[in-house]
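Just one chain is shown here, as structure tokens, and it is the form predicted alone.
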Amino acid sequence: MRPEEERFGMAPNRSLSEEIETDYLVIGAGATGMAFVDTLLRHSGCDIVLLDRRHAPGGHWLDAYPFVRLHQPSAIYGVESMPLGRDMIEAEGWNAGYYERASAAEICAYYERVLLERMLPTGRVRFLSLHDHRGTEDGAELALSRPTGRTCRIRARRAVVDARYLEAAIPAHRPPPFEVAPGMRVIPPNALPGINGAPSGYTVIGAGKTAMDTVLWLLDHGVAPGCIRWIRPRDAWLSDRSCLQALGLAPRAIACAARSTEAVAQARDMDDLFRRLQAAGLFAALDPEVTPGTYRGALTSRAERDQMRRVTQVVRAGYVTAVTPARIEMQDGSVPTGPAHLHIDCTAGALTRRPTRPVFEEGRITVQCLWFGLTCFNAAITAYVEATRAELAEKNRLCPPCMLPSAARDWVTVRLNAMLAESEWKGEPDIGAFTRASRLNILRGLEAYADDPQLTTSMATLARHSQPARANLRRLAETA
């Protein structure tokens, strides 16, 4: 066996035309697939084939723009069996005071370590890289090798696991969704660090976290705010990073959750709800004069928001339809531009909004959102339920999926789903123990702060308002 074959647990290419049998075929070696496999290995004696079209584990992180970082702390990201980072609170920069957030390069290196040090040594995982899943034929899953063109037939005795159902979109993987005239400079954020020569100005196109990261990168590299124009078709509610912290900062996060739960319990309607959530510190708006209409879960610090507010050339005229030699055309207007201007396309949506389906079906598992914002934890608890429960109805009761949010009102649905799922987990002693111990759970280790006065007060507030909040969320969801 050649060194690269041994490294990834693969047989030589000649075996790829043969049929493989396994307990589980997991399609997708990104954050979801890796977290699922890691937990399933720890809680079962199963055999797994892990399949991915890329050359290594890591999913979209392998293709992301180089200056991207996690939105959330590294402390609650990755897989259960291996920490990501040092659980360190940063002292400088726009993330000062919060737990460290890994870069794309750090995350890719981390997942390769997980594969080489945690998964392959078990002897129960085979990783087929550079393989496209080509559907099912006669009960076998077909995997086409990109380098050789050979087809591998894989029979999963227990289930095929779809870990790509909510796969993130990557700007560099598709052309701009608008017309670009010849000679006009339109690039994805991936190409931004490689530019040569200062353009006449920068236009950032998009309103999501990719656009925010791009604006912050430009400012951090000395571009004057007046040289940046930001086309934001729709403003979004931004979650405050202080409300998604773990370990030593968990009491602060619980305090935010308590204030937010009280706000939900008292909200009269949708507008009142978001006013109260903003006052509670959960949400923030970039422009105080504009009420956001979307919510996609972007996490920002106060320092980051202050920086982004320095960019005052904000254009709200709908989506871009064309970049011509003289103007940027939008649905509701246009602005001037030119060939010397640099346009950065940040329009790809990081969240893939697809209809929910049962997580568990006969011979199939579709890993989805349970508790929005905690992708790796969702995959891990899905794997734990698979390893410890037999009945499909029981599994699906414990893993109710929700559709990823887009409009602001969708926050109500995803928050209600998280509360219902958490209630189901608390009713199962073993799942309760699993969630309390999981390094991917934001609430792990709270017992260590039982004497913290802030935590004591917050837990009392949560106990008082959780049931009314859940009932009010149902009412708001029905009227939305």
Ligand SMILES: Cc1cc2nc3c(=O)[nH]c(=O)nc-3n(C[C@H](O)[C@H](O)[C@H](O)COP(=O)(O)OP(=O)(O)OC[C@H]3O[C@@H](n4cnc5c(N)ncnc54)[C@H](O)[C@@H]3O)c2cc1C
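In this text, residue numbers run from 1 along the sequence as written. Since the structure is predicted, the reported quantities are computational estimates derived from the model, not experimental observations.
This protein has a second form, the form predicted in complex with this ligand, left out of what is shown; the following refers to that one.
Of the residues given (L41, I442, V68, V412), V68 alone sits with a heavy atom within 4.5 Å of this ligand in the predicted bound form. Note on contacts: among F360, Y77, Y202, F283, the single residue with a heavy atom within 4.5 Å of this ligand in the predicted bound form is Y77.
Using a 4.5 Å cut-off to this ligand in the predicted bound form, not one of E262, G427 and R470 places a heavy atom inside that distance. In the predicted bound form, this ligand sits within 4.5 Å of a heavy atom belonging to Q72. At the 4.5 Å threshold, heavy atoms of H131 reach this ligand in the predicted bound form.
Under a 4.5 angstroms non-hydrogen atom cutoff, this ligand in the predicted bound form lacks H343 among its neighbouring residues. Looking at G373, you'd find a heavy atom of it within 4.5 angstroms of this ligand in the predicted bound form.
In summary, the region of this chain contacting this ligand in the predicted bound form, judged by heavy atoms within 4.5 Å and restricted to 416-424, 52-60, 429-437, 451-459, corresponds to 52-60. Residues of 23-39 lying near this ligand in the predicted bound form, listed in sequence order, are I27, G28, A29, G30, A31, T32, G33, the criterion being any heavy atom within 4.5 Å.
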